[in-house]
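Single chain ahead, written as structure tokens, the form predicted on its own.
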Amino acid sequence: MVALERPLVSNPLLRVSQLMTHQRGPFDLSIDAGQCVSLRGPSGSGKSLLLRAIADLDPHQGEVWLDGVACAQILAPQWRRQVALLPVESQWWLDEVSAHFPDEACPWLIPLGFSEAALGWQVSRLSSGEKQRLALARALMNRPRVLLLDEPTASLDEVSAAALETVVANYRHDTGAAVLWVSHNAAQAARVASRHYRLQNQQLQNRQLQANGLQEGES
């Protein structure tokens, strides 16, 4: 049997146009299907606010499109399932981990370093790193088309961080999801992403990163 080739994507999967939020912007950005873009910048420059606006969690001006369909044309809960934000600190509103997951099996638990028994844990016993990895697994259960990752490995050790990077890469390759990854770690940004932006002075600047994470001109 001959494998069918994927049709060429003529438009970016995620497109941000003239987006303004909390007096920051306007921002323009596009990410193709299956592509990971990194975003870096000083603390307080607005990276998290930009992600929240793309996820339609904060008031904003301008527009965001998902595969050519404007955010304004999609109900907010549906948009947030398809354009999933993983914040620095994940939110847990029920006592047991399993209450946050559907009944179907979660294929990302073991790759993220958990056994199925983790679903029976109390949220109160979770460390910050465990919450972050389980929050990613929870988000992936909705099969999002876009992942907005805000410092997803900030509270993880090297082994757990590597596992999370692998899970995101595999999900992106398997589904064609677009990823916008905020990281203060230049080496990580160079490792996980193929395009790189720096947010500074309310402007998104294209940057080239070497394999060691250094920008052109740095030493």
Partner chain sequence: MNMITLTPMDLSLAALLVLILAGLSWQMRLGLERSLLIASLRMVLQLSLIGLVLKTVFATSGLLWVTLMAVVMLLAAGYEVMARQQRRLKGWWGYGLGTGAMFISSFAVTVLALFTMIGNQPWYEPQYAIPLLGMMLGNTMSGIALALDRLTQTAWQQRAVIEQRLMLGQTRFEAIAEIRIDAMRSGMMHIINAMAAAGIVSLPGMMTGQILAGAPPMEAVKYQILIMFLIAAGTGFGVTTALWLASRRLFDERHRLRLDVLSTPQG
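Positions refer to the first chain, counted from 1. Note that the coordinates shown come from a computational prediction; the quantities given were computed from them, not determined experimentally.
The same protein also has a form predicted in complex with the partner chain, omitted here; what follows describes it.
At the 4.5 Å threshold, heavy atoms of residue 52 reach the partner chain in the predicted complex. Put simply, residue 142 is close to the partner chain in the predicted complex: some heavy atom of it is within 4.5 Å.
Although the partner is absent from this view, residue 161 stays clear of the partner chain in the predicted complex, with no non-hydrogen atom inside 4.5 angstroms.
For the chain shown alone, residue 72 is a contact residue for the partner chain in the predicted complex, at least one non-hydrogen atom being within 4.5 angstroms.
Site annotation in the predicted complex: the residue of 91, 115, 127, 122 reaching within 4.5 Å of the partner chain with a heavy atom is 91. Between the options 36, 66, 57, 156, the residue in contact with the partner chain in the predicted complex by a heavy atom within 4.5 angstroms is 57.
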